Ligand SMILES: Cc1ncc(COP(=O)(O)O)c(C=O)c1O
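A single chain, nothing else alongside it, follows as structure tokens in the form predicted alone.
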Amino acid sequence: MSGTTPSLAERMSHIGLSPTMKGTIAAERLRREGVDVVDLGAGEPDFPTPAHITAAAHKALDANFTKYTANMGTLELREAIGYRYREDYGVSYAPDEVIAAAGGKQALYHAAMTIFNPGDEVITHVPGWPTLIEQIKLAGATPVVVRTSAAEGFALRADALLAAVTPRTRAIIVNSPGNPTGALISESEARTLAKEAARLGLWVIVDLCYEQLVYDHVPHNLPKIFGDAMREKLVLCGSASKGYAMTGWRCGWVLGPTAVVSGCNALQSHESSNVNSITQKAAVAALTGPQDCVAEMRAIYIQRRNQVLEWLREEPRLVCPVPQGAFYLFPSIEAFLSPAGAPTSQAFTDGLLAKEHVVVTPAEAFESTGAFRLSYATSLERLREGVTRIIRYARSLPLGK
């Protein structure tokens, strides 16, 4: 009958559009109307893909490298991924322990679908990237969330994650550096977690999509720490997107036991087949070529982080922990929330967009409250304008009952 809502699969009632995409959609609508929008919601680098990487793609096109490749990715790419992890972390993965996927998101999804069973519990942490929780649910498992504390800079604590373990626990997912907070799990906490997870027979999946954006020379060798303790139940998921400014190229990867990689390969064979062939050549250049570009981008992110934190301090009620990685800030707006003005961070960010035309992402998108995510993956000029508008809007809100 015309006008009736079609009946969808029951699983669709448990998920919705990624909340981190909603601000981008709203910003695009305002831009079409000619509004000057400051978009601080984007979860991607604003830098162009480095020239030696795009040159490799052009060369692949000129050579007509446009056919199917092996479903897992070319041997050249899988060896390049293994090379990068050996160079950066001192860990060894053979080509049959590596599969290339269409971005870090697909890599994590394949890991979830390969390892989790209906009825399992899977522990992760919040504020956190919403897709991790949705993927756990799509696999039929139950997410168990451990809340980190702003007072501790949202750092991950092994004891808090382990306290959530029950007889039904199948796995723990760690995202470090984390989205939306930029927080890390320290190496000492990682050692404790790895030792106990191994003793309990749990899987650990480490989301390393921001692994090249760790700041202030903080040691962060998670592949080695977890690998030494529990290699047969460790899955590493990474991506070319953030470190190499390759978000649109769509290349991620899974490193893990051959059984897991084979499972991911089976899924991918019926889902998307191989990663774009041109992207694979570009990713090889990224992983095996000069890494100066990564260091240069990282240095600029650090400069931006420090500058935006300084600007936010112009309004002392905007309290923000110092992130140790990624390119996000997660400032508290608790002091500005009230029934008389903005009762929630969602209401705050909606009002900020409507009145000051600034896009940030509310804490509710990350299973949290009283804060928002600000991406500093844009120019200092736009960041200065955005922070000015944020402070102006915050100060305009009526407080009290």
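So that there is no doubt, residue numbering starts at 1 and follows the sequence shown. Worth saying up front: this structure is predicted, and the values here are computed from it rather than measured.
Keep in mind the form predicted in complex with the named molecule is missing from the figure; the text below concerns it.
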Give a yes/no on whether A112 approaches the named molecule to within 4.5 Å in the predicted complex, heavy atoms considered. no
The named molecule contact in the predicted complex: Y210, any heavy atom under 4.5 Å: yes
Do R250 and the named molecule share at least one heavy atom pair within 4.5 Å in the predicted complex? yes
Check R78 for me: does it contact the named molecule in the predicted complex (non-hydrogen atoms, 4.5 angstroms)? no
So which stretch, 201-209, 160-168, 268-276, 90-98, is the one near the named molecule in the predicted complex (non-hydrogen atoms, 4.5 Å)? 201-209
Note: exactly one of P223, P331, G243, G104 sits with a heavy atom within 4.5 Å of the named molecule in the predicted complex, namely G104
Taking T124, L156 and T181 as a possible spot, do all three reach the named molecule in the predicted complex with a heavy atom inside 4.5 Å? no
Near the named molecule in the predicted complex, with a heavy atom at 4.5 Å or closer, the residues from 253-284 are none
